[in-house]
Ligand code: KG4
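Shown below, as structure tokens, is a lone chain in the form predicted on its own; questions about how it binds or moves come after it.
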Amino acid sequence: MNIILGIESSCDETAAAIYHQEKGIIAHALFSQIALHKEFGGVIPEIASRSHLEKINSIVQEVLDRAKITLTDITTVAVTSKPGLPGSLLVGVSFAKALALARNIPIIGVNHLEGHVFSACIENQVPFPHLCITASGGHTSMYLVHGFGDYTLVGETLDDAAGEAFDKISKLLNLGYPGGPIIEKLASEVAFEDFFHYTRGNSKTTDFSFSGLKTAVLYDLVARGAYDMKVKKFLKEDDLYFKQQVASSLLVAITEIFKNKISLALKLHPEIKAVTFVGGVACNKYIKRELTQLAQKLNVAFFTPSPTYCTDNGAMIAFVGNYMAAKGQFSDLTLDILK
């Protein structure tokens, strides 16, 4: 009977979860570092790695307590080994290797993006093949998923990720960090109207690009006298309605980009049976609503994880670790974050 401990520490969440071979996820715990990085407007790698070092032992103990088991019950430890912030990854991998050595149990290095790709499968019976869009502050990609552990990259961002675009525009407007939830809240106050019609970029390929959109918003702010490039300052701090207009137009543009890419991918791959939308941006209710309607129109099923499984989490790592263990895909104690 496999009982997998999953550990995630790739960026700014310290997380752990327990996957039971028969019962699925039986416990998960997470510490978010948002409050630590908020004043800087983004993740500071050194602060992130130090926080992981401080929290990882207590988070693992917390998840064991919630599952009402001990380390002696764990049969395999799965840990995010790439990609991510090197210092943050090192904390998780070192902890997992020490645990595997001390308990004499197998270890599995899990690709963080693979964890996200299959996060919608934790709670849903998603048919294969399906199209998966992963969207977060660090990554925006699209995969054709053939089966567990079997997927092909069919589109990726050429520059900024979607979440990164939200964060950067939020910073331009002095709205705070993380940008996604703030942008969505402001946009909802003006009914998600598209006021400024920002660029949607190139719709002829399945690759993403959000840098051009970010630049278009910046230049539009300058043209409207709302931003001073010389002193890098937003000039309409007291104009809430203007901020709502920018936020709403940005959100609509990003959503349209996702819709265009999904529509194109489905034309190129008519065998697709479903679409999954995962990663931190998948917490956005407006985008989920629009993509759900698109999927219904295109006659394919649509799935997203629960919000707790959208952001970085240990459950997705434990889930992937379970099927990798079943296939005998173990790592060894030479597991390295650089490979």
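Start at 1 and count along the sequence shown; that's the residue number. Source: prediction; values computed, not measured.
The protein also exists as the form predicted together with this ligand; that form is not presented, and the subsequent description refers to it.
- Contact check for residue 305: no non-hydrogen atom falls within 4.5 Å of this ligand in the predicted complex.
- Within this chain, residue 164 lines the site of this ligand in the predicted complex, having a heavy atom no more than 4.5 Å away.
- At the 4.5 Å threshold, heavy atoms of residue 109 stay clear of this ligand in the predicted complex, well away from it.
- Using a 4.5 Å cutoff between non-hydrogen atoms, residue 160 does not count as a contact of this ligand in the predicted complex.
- For the residues 283, 272, 29, 295, the 4.5 Å heavy atom test against this ligand in the predicted complex is passed only by 283.
- None of 87, 149, 127, 181 but one reaches within 4.5 angstroms of this ligand in the predicted complex through a heavy atom, and that residue is 181.
- Residue heavy atoms within 4.5 Å of this ligand in the predicted complex occur in exactly one stretch of 240-248, 136-144, 91-99, 199-207, and that stretch is 136-144.
- In the predicted complex, this ligand lies beyond 4.5 angstroms of every heavy atom of every residue of 231-264.
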